[in-house]
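Next up: just one chain, as structure tokens, the form predicted alone.
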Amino acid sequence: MDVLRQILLVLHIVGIGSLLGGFLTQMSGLRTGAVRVVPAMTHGALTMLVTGAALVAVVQSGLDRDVDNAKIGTKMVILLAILLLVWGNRTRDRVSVSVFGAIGALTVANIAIAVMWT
């Protein structure tokens, strides 16, 4: 079970890297408003959702670790907001700077909660 948890954790980190990487590659376009939701952001957010849910299931099913339900719930709400923004704007040629900034800010907030909430 611990190997499965570690594999899921690696895939979860790959998902967050894809989402954040898609945002960071377009930072220069924020000044001009030429930003859009790239497929890497959509796939990263979906990867985070699937692997995050699987991680919680694996940890609750057999490992001797407790799951902080408040933390997981907060991260899930933030991720669902990210998914709504990403999925709703994935087909547009340009996304408003405020929506794009919100995607980036929520992504960083999700990372901060994962790291700092103990």
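In this text, residue numbers run from 1 along the sequence as written. Keep in mind that what you see is a predicted model, and the values were worked out from it rather than measured.
Just so it is clear, the following notes concern the form predicted in complex with protoporphyrin IX containing FE, a form of the same protein that is not shown.
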property	result
Arg5, Val59 and Asn110 each touching protoporphyrin IX containing FE in the model of the complex (heavy atom, 4.5 Å)	yes
In the model of the complex, Val99 touching protoporphyrin IX containing FE (heavy atom, 4.5 Å)	no
Touches protoporphyrin IX containing FE in the model of the complex: Arg31 (any heavy atom, 4.5 Å)	no
In the model of the complex, Ile16 touching protoporphyrin IX containing FE (heavy atom, 4.5 Å)	yes
In the model of the complex, Ile72 touching protoporphyrin IX containing FE (heavy atom, 4.5 Å)	yes
